[in-house]
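Before any questions on binding or motion, here is one chain by itself as structure tokens, the form predicted alone.
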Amino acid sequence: MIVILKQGITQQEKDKVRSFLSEKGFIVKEIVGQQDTVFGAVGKVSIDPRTVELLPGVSSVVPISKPYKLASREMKKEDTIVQVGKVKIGGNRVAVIAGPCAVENYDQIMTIAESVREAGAVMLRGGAFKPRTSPYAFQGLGEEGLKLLRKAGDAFDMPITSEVVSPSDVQMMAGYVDMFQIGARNMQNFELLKEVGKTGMPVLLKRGLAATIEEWLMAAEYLMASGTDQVVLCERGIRTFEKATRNTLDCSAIPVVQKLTHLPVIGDPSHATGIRDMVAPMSLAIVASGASGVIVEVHNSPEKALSDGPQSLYLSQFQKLVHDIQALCPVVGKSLEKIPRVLPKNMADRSPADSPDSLTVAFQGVRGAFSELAVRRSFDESVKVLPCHTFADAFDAVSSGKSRYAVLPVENTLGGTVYDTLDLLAMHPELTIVGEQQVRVMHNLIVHPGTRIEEIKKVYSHPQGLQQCRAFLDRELPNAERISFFDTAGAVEFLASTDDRSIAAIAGAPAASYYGMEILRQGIETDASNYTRFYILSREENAEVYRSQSKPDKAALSFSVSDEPGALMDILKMIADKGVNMKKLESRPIPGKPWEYLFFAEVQLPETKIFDELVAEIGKKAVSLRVLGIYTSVIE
């Protein structure tokens, strides 16, 4: 059952409720949600809910109907985010886990670990104990394999995961791995599940060869009832009549499971297909289905692999796959999970300051805005946010140290360049671009809960929101008055402040969730190719901490030229002669200098030497030059 606690419950009252439930024989889990704090109480105990409701500090008691209690969405409404070392799996991120099927030797695992880390993997996988159909097949190196896997993980700053096959190995493996893996053949090895659950460590639980979704979730329940709440579910294909592939990848299970449980779900396309060339397209299908990540097998010489060579990607194939996943992420409303590279020594003492507890990020708008969504995709979900009324306020917040970073829009695929950001960037030489984030703008018709569309008389939104949803409004609400508002999320905030069911707002889903409103119609924009690109800004002294998360591949410059024929062409020719690809060029008037212009250019970042030479050459020709930032771009 779920015991919902009152908002103003004291710690003493909470302790008494917990003690009462524990004494009755319940396993009690405290869950702090966005709105309420609840106790989840499970066990082989029968009790009249009214005896719990009468306890001081208890608001109400709700029974759980599902056979899996702790894993049920009834128990916890918000998504669980599983922490494995520095890596987080779940929420709006997509984590890529990669490595060989089996650890074979030191050189092999170190080569693969370095390559997948450089390509974008955030966790390293590798088998040390291999359950094989044939007793004559390679069974793994055992504990020696775990030692090698641990060395590789430590060397390249990645948490590691490996499969455990015997309850007697659990304690030994706990000293090596960051996450246990329960294979498909052991999904219902209940003694193994109990032993692994007792460690309290993160667990990757694969779906059994012929397991139903309920059986899969009941296996997760064994782990959670035994002591761990850090469980990641993994869809790896089920056995059907089809023989063309190793298994049949059940992508439909991913959205189904996400409705039933708060636990994150990832996919394993390598074991699902058993065919190397199918791993990449099925990885994208897994991400498109809403999964929180993929786990794939990669080998430096698949043709020589001791286990599962035919389904292992070449290193070059894996690199392309990560790029494709990153390009897909904004479409499904997620971002690629990244972990910082090893920081320079002079930055090591600053990294703790970037923990979510102390990190504040500014954005323009109110809570629930698309800009806040960009913040959540660029940083940890629990980071502190600072809503700012204007773009200038956000810049000032970073400049003054009130916030460490700011996330501000720079370009929309339909509306074009956001000039406020460019103009303010020119006025703040102390700030630099450290990153870029892309968000798909999905508009929704948002109303008070229970409102019917025929009740709506007025629709509030930003002018661009109204324009971008004109076809829907003309078709579904032709007589409704369209009222411009300063911000899409602000329109929802206004809606929530009234009791008028005749008004609606057009905004993103986060705004509806934040203000407790209901989405009546989803995805009502006329053009689905609606994306906004955001700059992540900071003071220069804080730049390296964020830049260390990935390898920069883009640079932004601003420059002015003399008023003479061919002056701009000379600069552009320098860029072309260096073989540098220019992605964007804009001009803006220079305040106080009538008819003089500042040019903004974005270029693909070449090798460091070439870029330094280019900057030096431009500096000699241009009247003014500033490198606005070196950062990682969003792949489009």
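Quick caveat, the model's predicted, so the values are computed rather than measured. Heads up: residue numbers just count along the shown sequence, starting at 1.
There is also a form predicted in complex with phosphoenolpyruvate (PEP); it is not shown, and the following applies to it.
*Asks:* Considering phosphoenolpyruvate (PEP) in the predicted bound form, find the one stretch among 194-202, 248-256, 265-273, 403-411 with heavy atoms no farther than 4.5 Å from it.
*Replies:* That would be stretch 265-273.
*Asks:* Using a 4.5 Å heavy atom cut-off, which residue among Lys338, Arg185, Arg501, Arg73 comes into contact with phosphoenolpyruvate (PEP) in the predicted bound form?
*Replies:* Checked against the cut-off, the match is Arg185.
*Asks:* I need to confirm a contact call. Of Gln230, Ser378, Thr432, Gln181, which residue comes within 4.5 Å of phosphoenolpyruvate (PEP) in the predicted bound form, counting heavy atoms only?
*Replies:* The residue from Gln230, Ser378, Thr432, Gln181 that makes the contact is Gln181.
*Asks:* Looking in the predicted bound form, is phosphoenolpyruvate (PEP) within 4.5 angstroms of a heavy atom from every one of Arg367, Glu493 and Glu518?
*Replies:* Negative, none of the three is within 4.5 Å.
*Asks:* Decide whether Val177 counts as a contact residue for phosphoenolpyruvate (PEP) in the predicted bound form under a heavy atom distance cut-off of 4.5 Å.
*Replies:* No, Val177 stays farther than 4.5 Å from phosphoenolpyruvate (PEP) in the predicted bound form.
*Asks:* Does any part of Cys388 reach within 4.5 Å of phosphoenolpyruvate (PEP) in the predicted bound form? Heavy atoms only, please.
*Replies:* Cys388 lies outside the contact set for phosphoenolpyruvate (PEP).
*Asks:* Going by a heavy atom distance of 4.5 Å, is Cys101 a contact of phosphoenolpyruvate (PEP) in the predicted bound form?
*Replies:* Cys101: yes, in contact with phosphoenolpyruvate (PEP) in the predicted bound form.
*Asks:* Taking heavy atoms and a 4.5 Å cut-off, does Arg236 contact phosphoenolpyruvate (PEP) in the predicted bound form?
*Replies:* Yes, Arg236 sits close enough to phosphoenolpyruvate (PEP) in the predicted bound form that at least one of its heavy atoms falls within 4.5 Å.
*Asks:* Can you tell me which residues in 283-300 come within 4.5 angstroms of phosphoenolpyruvate (PEP) in the predicted bound form, by heavy atoms?
*Replies:* Going through 283-300 in order - heavy atoms within 4.5 Å of phosphoenolpyruvate (PEP) in the predicted bound form - there is one hit, Glu297.
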